[in-house]
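Presented below, as structure tokens, is a lone chain in the form predicted on its own.
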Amino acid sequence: MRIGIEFSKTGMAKYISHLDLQRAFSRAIRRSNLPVKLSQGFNPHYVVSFASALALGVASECECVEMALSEDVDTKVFLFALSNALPPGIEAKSAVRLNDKAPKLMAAMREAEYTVAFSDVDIDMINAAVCDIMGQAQITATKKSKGRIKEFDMRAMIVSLESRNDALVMRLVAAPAGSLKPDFVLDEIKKRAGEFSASVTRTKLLAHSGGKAVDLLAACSKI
């Protein structure tokens, strides 16, 4: 049995690294006595995989993790036991059975949505910067990959940028072949609007199904 969990990572927990997050889930599994499978080999570990690593300092309402179980467990029972074992700031929100024929969450993910709240900024300047960015055919950016500096077209990885109630909602490519972090977009906005403070929250993880972007867990539970 495969089970998918959606969880939030907020408050001080947004400063927990991905490695420490993995450790927190391992401890929670041990405390809860849930029948999560152990891998084979000299150094066995729980068969747990996260859909996507979250950048340090970014909060999330929608992180997803999948676990392989050694026996069948009701999703409500699983969710209750795991919730009570997780540390403050990490909250298990829902649990679904994943179809055994569905790809792993990490392989199925295609996009991520973020909400950016600003402070000390003229929102009209942000909107003007967004319009300019979306009007570009190409925006070249650089990132370090395997010790090398690599150029890429950042604009091609921005699915949408939209202002909502004085906040910015950005939908970015987030796939096994490559992902765009929100910091790249914010840096590009700062080039046009000047310096500002912002807090970023990831709000959706999405797969593609039928030519549309759909909720990641829903897509993998219906295949």
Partner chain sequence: MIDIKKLEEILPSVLKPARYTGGEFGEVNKDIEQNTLRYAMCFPDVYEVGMSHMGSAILYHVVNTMDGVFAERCYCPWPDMEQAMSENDIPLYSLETKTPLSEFDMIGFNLSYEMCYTNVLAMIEMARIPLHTAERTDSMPIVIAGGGCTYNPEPLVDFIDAFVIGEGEEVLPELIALRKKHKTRQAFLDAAVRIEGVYVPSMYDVTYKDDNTIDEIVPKGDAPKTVTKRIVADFENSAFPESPIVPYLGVVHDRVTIELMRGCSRGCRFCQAGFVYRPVRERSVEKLVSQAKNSIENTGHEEVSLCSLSTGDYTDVAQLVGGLSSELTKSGVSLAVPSLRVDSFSGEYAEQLSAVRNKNLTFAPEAGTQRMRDIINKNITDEDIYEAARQAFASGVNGVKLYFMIGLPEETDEDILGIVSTVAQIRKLFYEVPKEKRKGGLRLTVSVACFVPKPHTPFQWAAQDSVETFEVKQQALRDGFRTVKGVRFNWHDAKTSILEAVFARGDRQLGAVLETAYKKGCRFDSWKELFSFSKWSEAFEENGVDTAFYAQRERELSETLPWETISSGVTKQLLADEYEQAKDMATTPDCREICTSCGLRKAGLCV
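These figures come from a predicted structure and were not determined experimentally. Numbering follows the first chain given and starts at 1.
One more form of this protein exists, namely the form predicted together with the partner chain; it is left out here, but the text below deals with it.
Residue contact check for residue 103: none of its heavy atoms lie within 4.5 Å of the partner chain in the model of the complex.
Among residues of the shown chain, residue 85 is one whose heavy atoms approach the partner chain to within 4.5 Å in the model of the complex. Using a 4.5 angstroms threshold between heavy atoms, residue 30 counts as touching the partner chain in the model of the complex.
Heavy atoms of residue 202 never reach within 4.5 Å of the partner chain in the model of the complex, leaving it off the interface. The stretch that touches the partner chain in the model of the complex, counting heavy atoms within 4.5 Å, is 40-48, out of 161-169, 62-70, 40-48, 185-193.
Contact check at 4.5 Å (heavy atoms) against the partner chain in the model of the complex: all three of 15, 56 and 90 pass.
Residue 197 is the only member of 185-200 with a non-hydrogen atom no more than 4.5 angstroms from the partner chain in the model of the complex.
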